[in-house]
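Listed next as structure tokens is one chain, alone, in the form predicted alone.
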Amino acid sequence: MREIAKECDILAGSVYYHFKSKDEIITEILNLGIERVTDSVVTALAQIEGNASFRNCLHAAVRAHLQAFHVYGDYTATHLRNFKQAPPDVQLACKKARDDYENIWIGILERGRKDRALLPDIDLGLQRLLLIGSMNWTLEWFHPQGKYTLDELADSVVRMFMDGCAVRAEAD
């Protein structure tokens, strides 16, 4: 609490003027992380044409997710790394925001299935977990000044998700 107060240039006790408890602070930080990513993805999807292909929608969402994770890293990384260690009441207070975000991705993937861009026999929940999990992990290894730009990373994520990584055997 002293470190937070020092960073805000206030007395430690003054933090409680704005927050009732440490758990309320943690909840606010965790919710900010997921809300920033949600807002970015929703905005990106709203900015593309209504008749855009599933692949273009997916690309817009992937790019927005990655961008938000790396622009708002302090909040998004905190959410990602600390949610499971948070007290149960804090996790519960963040559940709606997490569920809302997951539902956006389920909607995107359902569209892909409806448009026949995704195989009908692969569980959408598993697809969502693998896709978001791989994007989230970029917090550990991606550097904007590294080998790939954020756009190249988004392109690669979409390409691997949509096209796979294996060489396709020619039909006889």
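Just count from 1 along the sequence shown to find any residue number. Keep in mind the model is a prediction, meaning the values are calculated, not measured.
The same protein has a further form, the form predicted in complex with another copy of the chain, not shown here; the description that follows concerns it.
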Just to confirm, Gly125 within 4.5 Å of another copy of the chain in the model of the complex by heavy atoms?
-> yes
4.5 Å heavy atom contact, Ile25 and another copy of the chain in the model of the complex = no
Taking 4.5 angstroms as the cut-off for heavy atoms, does Leu130 touch another copy of the chain in the model of the complex?
-> yes
Mark Ser156 yes when one of its heavy atoms lies within 4.5 Å of a heavy atom of another copy of the chain in the model of the complex, and no otherwise.
-> yes
Only one of Leu32, Leu45, Leu118, Ile108 comes within 4.5 Å of another copy of the chain in the model of the complex by heavy atoms, so just point that one out.
-> Leu118
Does any residue in 65 to 94 get within 4.5 Å of another copy of the chain in the model of the complex, counting heavy atoms only, and if so which ones?
-> Leu80, Arg81, Asn82, Lys84, Gln85
